[in-house]
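Taken one at a time, structure 1 and structure 2 that follow are two forms of one protein chain, written as structure tokens.
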Structure 1
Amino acid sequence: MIKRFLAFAFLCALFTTIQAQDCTLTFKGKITDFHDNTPIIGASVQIIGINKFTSSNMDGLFEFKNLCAQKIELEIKHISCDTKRLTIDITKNFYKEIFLEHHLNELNEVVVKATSKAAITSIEKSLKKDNLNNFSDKSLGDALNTLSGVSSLNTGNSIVKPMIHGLHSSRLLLINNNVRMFDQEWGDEHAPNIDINANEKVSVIKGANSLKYGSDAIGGLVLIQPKKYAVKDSLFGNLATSFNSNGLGGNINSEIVKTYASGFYAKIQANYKQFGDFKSPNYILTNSGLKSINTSLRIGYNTYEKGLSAYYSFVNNQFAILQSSHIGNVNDLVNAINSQQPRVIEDFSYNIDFPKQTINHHLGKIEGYKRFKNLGKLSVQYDVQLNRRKEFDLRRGNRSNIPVVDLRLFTNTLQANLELETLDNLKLETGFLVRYQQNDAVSGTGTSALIPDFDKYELGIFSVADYKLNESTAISAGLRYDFSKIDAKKLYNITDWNETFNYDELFPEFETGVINGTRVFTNPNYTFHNFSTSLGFSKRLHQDVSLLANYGLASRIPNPSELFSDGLHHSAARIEIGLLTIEKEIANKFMLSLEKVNTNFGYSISPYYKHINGFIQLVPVGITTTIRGAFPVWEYQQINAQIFGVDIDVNKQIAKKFFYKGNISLLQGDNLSEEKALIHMPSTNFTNTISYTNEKLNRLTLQVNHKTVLQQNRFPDYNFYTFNATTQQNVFVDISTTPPTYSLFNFYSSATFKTANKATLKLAFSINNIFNVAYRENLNRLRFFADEVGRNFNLKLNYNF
């Protein structure tokens, strides 16, 4: 009854509306290209709701007759252009010029395709949301580790740094939402403070195309990108949770997105992660848990012509560091190496005891863009980062709660880019940035600061051009200039200053004349000029086969630890010495890639060669006697180095619904100055994955994965002897020999279920290290103290609504 009444009322209403309107209006329009004002021919124009269609003629013109005075919604479509929707209020005869855009990758609509790249000529690999979801309770480094050519530098199992072609820390650029991360990234045990759950796509750019972000991407670039939302009214979100048997922990992540047809959007996301002590096959790794709270907020307004957005993210990480890794001197280290078992093994606990790290990272940015006709897109971004890192150690006299390292790094950057879009075959992007950074070694730690207070100023200008020679060939070239100035304040031991390092003669200009007992107060000041270039070439040889070639010249200025480190690094049980004489590092990088993108059979073969002049490395140089006994002294040195290798990826459909994927990375690093191997280089490793996917059966996926890491046989021998008073003997300290080969097997399964209203529920179950293999990884700084994590059962629920 009610239905009938409503239908009647609706009909009445419709009738009255139609009757009341004057339906003789004409709407004319012209469709032109935004960039060069040329008319777009043959675009289809539809008035939605009313069955009226037309298309633009040779002059880009179209016309609708006999329209009623009303609000109409127009949809304009053209091949290779993004569909555009417009709402127009028609009250009289009307003429409107409509701009269309035909550079697909520029659109505000969601166009994240498997092959979408940061640039056509760049050599890159990426992980999309689906893959990232598998790592929701892990770190960015763990997720990237699955890509060929990428490994990780670990401190225990929670602190994971990505490594590209054997290079890490200051040699990698991490770009998070177009903001370059500054979170004391120079330290070996300083993991990037990025919540992977907050993002949509992570790409690793191994070759070229990094000039837009900096001159120092000697290793490569990690690009973390958010999702672009469709311009329509919508509300959606995601709730994901996971549980792990090893560490008895997991995470919960939630995000809600609201978008409007007007172009406004807002997103809020929060993530909580907690783990207790992890377990290796034979023992509990006491004090290895973590706790992490992350949240991000994004609001903005986006149209094709202009946009303004604001982003804020907060990351709070607390990492426990294996208690057994806290040692006092070389003899303790020898005991740890010889004992095969960690010194402290206690019952499972969620406690995060000493040693530990707590890090807070705030990142905020405002970005705006506007497109100018016959010119291009101008974007301006301002971002701020505040990083506070506290490292706690096991200390005497109730001091454990006072950090031994307390650093506050404030970074702010203003940058502007102009993309010229007027020419069809040429895309030119030019920009500049100014950056001011302040590092504060917060006082009150009761230790001398690991790195000193400094101010850093930077100015950069760059220009990159992409030129399409023809349908199958493209070249790109870029040039960048950077100016940097470091102004530091540091106390030096007078003996070290005058005698050990001879700084009083080398750097008299750094002396301030202030002498504080046994210490001299100095003001080191540096300026650097860096030029960098890149050249890229891509050619499509066949339907789905392309060849890419890249060359890059990159320069990196020394980071504060390389210049200023001076003293005991507690967590590493070594004395680390930076040198004021360290100069910038200059790298020449060559890379090739032959790729076939095809689900039946695809591959990519990417050989590369890097020659690095003045490569800065931290190596053991001897032993010093302290009141705690003997300590190894590690010093930063500059040498010439080369790194070359090849990354190979293969995928093959082996039967209906069965797929194979594999990759292998071969790498060799040489210290050319001393004719020996480079320290801490990843060894040959390969993975094989066989998966079964059935789309019809709730997208059921079953996957078996295998990874083998071969023993690194090329390593420099920095072993030494030390005297052990207890045994009254000289003891061999084997800090160089690498751990043996290991193989791990993993299993993964998932299924997706449709629930009400387009919502989906994805269930995933996986087992890592199925055979509970006890192994040690060469690139784990705690490899002397304990085995890696053992078997883990993981259950994940992911609800999209």
Structure 2
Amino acid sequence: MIKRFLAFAFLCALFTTIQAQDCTLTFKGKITDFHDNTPIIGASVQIIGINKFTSSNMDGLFEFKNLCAQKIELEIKHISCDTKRLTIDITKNFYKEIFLEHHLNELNEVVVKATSKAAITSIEKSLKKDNLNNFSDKSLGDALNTLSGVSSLNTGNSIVKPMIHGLHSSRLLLINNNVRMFDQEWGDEHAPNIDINANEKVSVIKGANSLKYGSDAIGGLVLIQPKKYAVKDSLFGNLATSFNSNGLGGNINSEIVKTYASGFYAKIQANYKQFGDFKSPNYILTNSGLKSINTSLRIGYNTYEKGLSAYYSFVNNQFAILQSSHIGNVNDLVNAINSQQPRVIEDFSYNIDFPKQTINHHLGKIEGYKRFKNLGKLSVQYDVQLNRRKEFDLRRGNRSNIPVVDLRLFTNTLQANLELETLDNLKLETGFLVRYQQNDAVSGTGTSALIPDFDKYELGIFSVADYKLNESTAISAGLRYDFSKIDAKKLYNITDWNETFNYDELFPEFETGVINGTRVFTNPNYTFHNFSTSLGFSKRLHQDVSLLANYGLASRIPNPSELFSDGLHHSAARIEIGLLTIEKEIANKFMLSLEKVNTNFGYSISPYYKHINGFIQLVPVGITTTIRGAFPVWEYQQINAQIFGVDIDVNKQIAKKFFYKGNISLLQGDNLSEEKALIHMPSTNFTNTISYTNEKLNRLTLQVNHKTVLQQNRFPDYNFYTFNATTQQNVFVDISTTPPTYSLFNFYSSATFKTANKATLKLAFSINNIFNVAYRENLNRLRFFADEVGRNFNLKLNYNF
């Protein structure tokens, strides 16, 4: 009897439980585009773990019936969207609006195309990852030098500064991973501390459209961008190495990337590069090697709606500087100019001796973004940089290991941008930044600091807009305001302060005291207000032909070297003098471009004109004698200047597998104040490349390249006479006449082989300067002392897995 009662009670409880499980609930939803709320049709919706599927209708609506009260996981897929998963707790009839990103390119791995631009109306050229791989053992400046309108200011063959239309250093903005580089770019021999192996794409923006990054891009903008990763589970990487016969060195680079379907990703990359002494056609370039270690780390979470990422990179460069360029006085310079060979020629060595540079550069950033419905994307970024530059010279008394220049620059920036995305034809971006810089002239060098201690404060606000008038016409406009303050501390010789420069009358407010009656302690303070603007226009004249026009008003405040330099710049072997009277530069820039983007036959013709009021130039003004001997004196001056020219690019498919590509750059720079040519302007140069490509034969590529640089016949005459103590005579020093024309031929070949598991191995072999031509380049600061590098055989292996 008891057993029957218990069985009855159990059945009643079970019945009651089944009755309590409510499986009559309905879940309805709507799937729309995050951008514009338009319904997404045909998206598949699945409840994970339950065999229930449906899809969105013409209105983006879907529905599930007869659901039990429980927690479910939804998976929503659409061919043009990224797959999305949601967890929903169903306790009653439920409705939810779900947003999908209908622009997959924002998230997925992007195939970089030559036509992709930073802005609709921008005039720019880009280097793809394949192009950058060809320069894996070279510098950023070497890679950019292949683009029309871009040249370089070299110190030997290792220190390469990019120039755009004859302008360099602080007139160029270098944006690395959305961080403006501050690595003491003011010196002619200060190259950017950027590892091109860590990045996916480099763009040179010659026209306007740079206000988002700064107001002082008088020369242009170099935009260095990392790769974007697909939101999926994946593990891939790359191992690349190269070997060069000239310098008997090369590099090895490796990176590995892990991505997750959840949106998380991580990447680590490292590069090591080393070269010994390079060789010109006729002799060893003693003490010209380099050693470089670079590493970077990226981690983040990336979805269309929100994301957070962190990035860190470290660059350690050691550059040997040609030993023959170390001059004790101006007579050494005379002897170098009159001699056809370097003063020092020794056997090959990997040693990096004196003079040399060592630079450490740390860069870190944290960035987050969030998209708000019916508003747009808000991004906030904080970045910090620490640059330590040491320059070593050959010194007496075993003091060579003590740097003669030791500068530490600390920069940190907070910036926020808002991209409004609510209007179909209008893209509006506005933002602000706050930046603080501190320069520390590290004590203990035993020399006077070339650049003093200073603090610099910056505040900037900008707004730029792109508007599509119709399918073929677009305009852009931008406005930016910047406030800057420089607070420095510097000692002056009292004779220079009172008599040479008359600063005691011009800037009495800077004086804070006199030391021992011989030196004046000062506290220079400057504030600047900059307004900049840009206008752009683009018109598609035909299916593949476009006309672009850009105007930009840019302002650049003087950098501390132009204001405060005072002493011997050892690596440049000259006295450099800055002036407290230097004011900001103001430039008006005009640029046109007619472009035809077509594989069979394409071209771009881009004339430009720049008028710069208060152009700051560093020019030789005489000779002075120190306890080490006589040195040339270079002084910063302000003039009015103009630069104009044209860049022309052409590509043509000659036959089915044969292609031609060429470009020419013509430029003229004028010192309008003194009616003569500007110093250090690149001469006319042109390149021609014929290539054979066979995709079916392991992507075989054979390429012959030719480059000619004509002699620069327009140069200012800064020659001078000096007394030679050895010969007891006045001698003529020709530092102005430019080297003659030269032509170089190069060869490149590559093939790609498939290996296991979709991995590929690319082999590349190239010869630079095939005919071992001896030449000197006008824009190489060491052209007085030695020829350029001779023939080089290069072998590269690139394994992608």
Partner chain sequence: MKTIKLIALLFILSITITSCSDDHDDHDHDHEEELITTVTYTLTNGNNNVTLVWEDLDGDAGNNPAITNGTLVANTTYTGIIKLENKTESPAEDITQEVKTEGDEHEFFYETSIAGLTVTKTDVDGNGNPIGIETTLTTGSAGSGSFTIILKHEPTKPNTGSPIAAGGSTDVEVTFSLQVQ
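The term rigid core refers to the most C-alpha atoms you can superpose between the two forms while keeping them within 1.5 Å. In this text the structure is predicted, and so the values were computed from the model without any measurement. Counting starts at 1 with the first residue of structure 1 and goes up one by one along its sequence.
Structure 1 derives from the form predicted together with its partner chain, whereas structure 2 comes from the other one.
After superposition on the rigid core, displacement of the C-alpha of Lys92 between the two structures amounts to 2 Å or more. Comparing the forms between the two structures on their rigid core, the Cα displacement of Asn66 reaches 2 Å or more. If you fit the rigid core between the two structures, you'll see the Cα of Asn57 move by 2 angstroms or more.
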